[in-house]
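Two separate entries follow, structure 1 and structure 2, each one form of the same protein chain as structure tokens.
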Structure 1
Amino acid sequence: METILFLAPTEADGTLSQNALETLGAAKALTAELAGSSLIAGLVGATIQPAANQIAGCGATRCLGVAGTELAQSRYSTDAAAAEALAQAAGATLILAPAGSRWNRALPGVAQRLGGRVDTHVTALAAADGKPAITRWYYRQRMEGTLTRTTRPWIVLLESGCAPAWSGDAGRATVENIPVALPPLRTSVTGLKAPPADEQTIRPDAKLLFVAGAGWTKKQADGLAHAAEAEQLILGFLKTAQASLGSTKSLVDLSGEGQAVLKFMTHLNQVGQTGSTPRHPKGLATCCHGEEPHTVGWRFIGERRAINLNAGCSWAQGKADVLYVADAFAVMREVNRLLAARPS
């Protein structure tokens, strides 16, 4: 029997994100599976009434909130204070929250304050023998573990795309405002830094991840490197295919060392052990060897194809569905031509 708190930050417009709705879906399913359990909603943000109304039909027995201009910002001190207050007001034993930079930063510290435990990057949540059990990856997506805990409260941060989003009727919800003593503010969020829209190469919602490897900058059959053409082929493809751009470590490291390589590549593009683990239905790797520290970052890529000159590259070792042994320059030139010629 658990008191389950669905704990979410609201977006700038006061509503809930897709991942928050997925977490609510998982929370509701778990509440139903664990006999005698109840669901409480907890919302944090500058405005929370739109979110409360959005989920009015979710079956939560109470809707608690902490609202205020200070909570508009994603900031540890204020977020932790708000989340702690909501967990305590709810008497929560299990706290389910959407993963994301904001809660990933704040909730581990909240677990410490509550004398509880926390699990992040959770990819599945279910009841096993009447107890909640979670699944997550260890050693950077190299092995998967399932565990339960007896310590309460237990905070679980659910990754996006792992549960069906809750959907139901909106209504008019009554929010219980929970008072919070915020600590003195020494940090303020002053903005977001992003490349200009036409140079933004990371698109989390894209259907395709296009990965470029160091091969794009290496000497080719004619004995010369063709970085300028590589840049033009890759940018051209990203634009027409609206793909998201990933990179290997080798390639971003080259860029960092100031070599004349792909200027739009940064460490944020890096996929793998010390990079990101993006989620896309399809992925195309080009001029990339497919070594393990890179390919662990492909854990959540559905269909995988690779283009490499070398039939013996690691993609051939059961890491891709299809490996094209071909020159990526020649292939991508033609891909871009075909895409440009398609009727829009």
Structure 2
Amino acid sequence: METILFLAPTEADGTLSQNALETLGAAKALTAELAGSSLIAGLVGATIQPAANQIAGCGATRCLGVAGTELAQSRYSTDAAAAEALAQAAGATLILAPAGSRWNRALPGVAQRLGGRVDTHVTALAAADGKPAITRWYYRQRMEGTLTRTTRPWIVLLESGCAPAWSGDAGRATVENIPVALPPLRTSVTGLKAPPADEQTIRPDAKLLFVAGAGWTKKQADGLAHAAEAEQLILGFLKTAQASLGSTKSLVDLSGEGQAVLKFMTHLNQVGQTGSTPRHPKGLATCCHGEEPHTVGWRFIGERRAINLNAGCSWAQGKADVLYVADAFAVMREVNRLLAARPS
């Protein structure tokens, strides 16, 4: 019998993120699979009532919360204190939380405080022989392992895109406010700086992942490199299609080799064995060859397509659902023209 605590921070508007709702869906499914288990919701943030109302119909037996202006921003000291208080108030044996920079930083320390264990980068939750079991990748995502633990409490951080998000009717939830003595703040947030929304290149919730390879900066048929035009074509497509941008390691490393680069490309865009593992419904790779270290990051993309002039490239060896043997410059010029001609 497990007491499962769904533990999530709220967003700036007091609601829950997509990743948090996915974790709630996984927690609810696991609770149903484990006989005699109960589900408790725990919320942390500057304001938590909107989130509690948002998940009022999830079936949690209790809704606990720690709220305050000190929790509006991510800080290890305050987040860890709030999470520890919620775990103790719930009597939780299994704590399920959405993976993200905020909880990935704070919850391992909470596990130490509680005398428990923590697992990060989890990609699946299920019941095995009446016990909770998790799935995650090892050895740079080349090996998949399933494991269980006997130590309690057990904190599990679930990666985004790994479970269907919970959806249900909102309502008016009763929140039990848990008292906690937060440590004094040693830092203050004076403001936020962020690029305009249409200049963002990493969009985790986008329907399409557009990946650019090093071929965009190489010499083309006329014997010249056209990095400036490549930038215009890629950014134009990202803005119009609201796609997310990925890259191969070879392209993001070019800046250190003195070669032409795409100015907006960083290692944060890198997809693959040493980069990210996105989970977009569709993906389009351009000017890259589909080598194994790169395509390993594509394993969770729903539909994979690629554009490459080489009909024998690795994408053609079963790594892409569709391969267009064509010039990516010409293709993207026409795609951008068609997108621009669409009725608004």
Ligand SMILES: Cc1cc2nc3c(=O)[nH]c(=O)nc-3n(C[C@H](O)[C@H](O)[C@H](O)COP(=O)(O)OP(=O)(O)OC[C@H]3O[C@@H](n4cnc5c(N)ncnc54)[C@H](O)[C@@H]3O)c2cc1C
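Predicted model, so just to flag it, every value in this text is computed and none were measured. The term rigid core refers to the maximal set of C-alpha atoms that superpose within 1.5 Å between the two forms. Residue numbering: structure 1 sequence, from 1.
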- Note on the structure: In this pair the form predicted alone turns out to be structure 2
- Query: Any CA movement of 2 Å or more for A311 between structures 1 and 2, core superposed?
  - Reply: yes
- Core-aligned C-alpha movement of H280 between structures 1 and 2, 2 Å or more: yes
- Task: Verify the C-alpha shift of W154 between structures 1 and 2: is it 2 Å or more after superposing the core?
- Result: no
- G236: how far does its C-alpha move between structures 1 and 2, core aligned, in angstrom? 5.4
- Query: Can you give the C-alpha shift of Y324 between structures 1 and 2 in Å, rounded to one decimal, after superposing the rigid core?
  - Reply: 8.1
- Note on the structure: Superposed on rigid core, T266 CA travels between structures 1 and 2 a distance in Å of 3.5
